[in-house]
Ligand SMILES: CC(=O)SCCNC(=O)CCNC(=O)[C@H](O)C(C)(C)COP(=O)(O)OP(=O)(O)OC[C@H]1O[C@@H](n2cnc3c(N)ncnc32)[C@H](O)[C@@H]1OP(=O)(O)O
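First, one chain by itself in structure tokens, the form predicted on its own.
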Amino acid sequence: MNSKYPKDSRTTLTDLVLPSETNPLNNLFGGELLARMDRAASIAARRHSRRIVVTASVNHVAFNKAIPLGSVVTVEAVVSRAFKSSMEIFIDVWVEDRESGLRSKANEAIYTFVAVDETGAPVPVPPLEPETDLEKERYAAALRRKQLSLVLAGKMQPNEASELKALFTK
């Protein structure tokens, strides 16, 4: 199976925050943002794997900045690491200032998707070859996050988490 690059999966969704999508403070509902991120991540995972994909986990979400009614919101998703059948998707959320047009980072998230066949059984995905410094940083960190998740779930012994141990033995 040939390697793919993060740019092959890059997905950008841009939309407006409408009144029906806001809370009593007139900011975008967190759940609405999660759904937008899930859709963008799903497309990125499918572009990488060219298979049916399902959300396996939402590993990290940071609601750093409220997104007000009427804002233009851009969700950017890209595969940051491919494992056997799973893919980590890194998501950046940007909000555009209504007056200046300047974009600022509002939120970020990390989702995990699994490629499956028509019966729902996991299938292999292509390896990922990061190119930029940011892609390489996210690629390396993805393995540490996966090992931490496996240790916390009791699916890996702490002494087997080589990438995590390396953080503490330098």
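In this text, residue numbers run from 1 along the sequence as written. Heads up, when I say rigid core I mean the largest set of C-alphas that superpose within 1.5 Å between the two forms. What you are looking at is a predicted structure, and each value in this text was computed from that prediction instead of being measured.
Although it is not shown, the form predicted in complex with the ligand is what the next lines describe.
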Exercise. Thinking of 42, 57 and 149 as the candidate spot, does the ligand come within 4.5 Å of a heavy atom on all of them in the model of the complex?
Worked result: yes
Problem set entry | Partner proximity in the model of the complex: residue 110 to the ligand, non-hydrogen atom cutoff 4.5 Å | no
Exercise. Do residue 38 and the ligand come within 4.5 Å of each other in the model of the complex, heavy atoms counted?
Worked result: yes
For this session: Determine whether any heavy atom of residue 16 comes within 4.5 Å of a heavy atom of the ligand in the model of the complex, and answer yes or no.
Result: no
Exercise. Any chance residue 122 has a heavy atom within 4.5 Å of the ligand in the model of the complex?
Worked result: yes
Exercise. Among the candidate residues 61, 69, 141, 116, which is the single one with a non-hydrogen atom no more than 4.5 Å from the ligand in the model of the complex?
Worked result: 116
Exercise. What is the one choice in 128, 106, 33, 53 with a heavy atom within 4.5 Å of the ligand in the model of the complex?
Worked result: 53
Exercise. Among 141-149, 97-105, 25-33, 128-136, which stretch sits within 4.5 Å of the ligand in the model of the complex, heavy atoms only?
Worked result: 141-149
For this session: Tell me, please, whether between the shown form and the other one the C-alpha of residue 24 is shifted by 2 Å or more, with the rigid core used for superposition.
Result: no
Exercise. When the two forms are laid on each other by their rigid core, does residue 150 show a Cα shift of 2 Å or more between the shown form and the other one?
Worked result: yes
